[in-house]
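A single chain comes next, written as structure tokens; it is the form predicted on its own.
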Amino acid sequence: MIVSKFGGSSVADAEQIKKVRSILESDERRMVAVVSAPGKRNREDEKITDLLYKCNALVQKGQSCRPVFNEISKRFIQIAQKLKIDDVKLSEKLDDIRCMIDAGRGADYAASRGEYLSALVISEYLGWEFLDAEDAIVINQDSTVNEMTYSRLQEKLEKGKKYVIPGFYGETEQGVLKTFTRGGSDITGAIVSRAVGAELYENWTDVSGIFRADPRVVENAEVIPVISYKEVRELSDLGASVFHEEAIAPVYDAGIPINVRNTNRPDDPGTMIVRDSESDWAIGVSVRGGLSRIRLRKLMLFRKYGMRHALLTMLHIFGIRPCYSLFGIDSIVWFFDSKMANESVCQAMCERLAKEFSLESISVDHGHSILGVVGGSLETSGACLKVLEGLKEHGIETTFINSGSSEASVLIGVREDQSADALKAAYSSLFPRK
């Protein structure tokens, strides 16, 4: 059995949904479709989920959501009419949903209705069974999946039947509707794949796989044919928009491969995400910008037990959660998202830390990026050396190199104003044009 998840761009309008039908009907093993809410039809358009969040925001201000919701209704009715399915019952559903949002059902309820309506329309168009995620998927308070979900799904998915399931949401153990984090339809697809023991989990989107580098920066970047779960997580952490990292967990232990495909180019093979890859060279590069750096020092800093934890706790009090760490014998360097704290917060934090821990020095500076090289055998293959040579050749200043903390990646610090050039230089060094 194959589970196929279709993202917002794949169900943005009637023409896209017709492509979905063609894909599903081209392989009889495709038995379950997980769908997102309709995405943007063009650059000026708005995603249905964003409009639904707007509706809830209006209600929270004591205003009616009717003006914005009318745009949502218009779009779904238009899709139904072009697909030549009954729009009368759909109109009734839309009215009920608007009333519920206006009644203050909350952000999770409002946001989930895009996937719910999308699945209703597509199931009717395909003639497949509709299974409401709220009846099968249980979500914990921390937005992770509850283990009872798998037995619930197994009970509800009858062998031999084909189903359409809305992504992104479920319910708590107390029966309250709850969503995953944004982009959570990927998680739903992975959950369903594990529950049914799928041979393959397809993730259909508007790109032909996972690229070796951001194609918006690196012209004609190649698609990675095969990548491991671990390598996907590394790329995702480095800022690459590849695949919802939480969607790896449900299929990881089961070893179910994920195939990232393009709805608009269904003959392209895409990228296979597998448990283990055989790469003996770098498979991709990414750069994460918008970072600030904390540097602190004290003689025998780590002599006292629990010092790192105590320092981190103080950072958390000021709303700072570091994403990368470097340690010396008497020093620590932390990088964090610059949006987490303004200058006054940073100054207050430095003063507090210096006083509380009797630090010799502490400073915060901005404008940093981290370039990540991801793949297998980085230390022995010479890939890292190639990148460093390429950066030097292009005049890119490096601020640190972190090799060995992860067997799947090497991190290199660069200035934020050189991040795009660093990415291009790294890519051309690793993957020269043929």
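Each residue number is its position in the shown sequence, starting from 1. Since we're looking at a predicted model, the values are computed, not measured.
Note that the form predicted in complex with aspartic acid isn't included here; everything after this is about it.
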Among P257, G239, G106, G183, which has any heavy atom within 4.5 Å of aspartic acid in the model of the complex?
G183
Pick from T49, S409, S369, N56: which residue has any heavy atom within 4.5 angstroms of aspartic acid in the model of the complex?
T49
Would you mind picking out the stretch of 41-49, 384-392, 22-30, 65-73 that comes within 4.5 angstroms of aspartic acid in the model of the complex, counting non-hydrogen atoms?
41-49
Looking in the model of the complex, any heavy atom of F168 within 4.5 Å of aspartic acid?
yes
If you check in the model of the complex, is A37 within 4.5 Å of aspartic acid, heavy atoms only?
yes
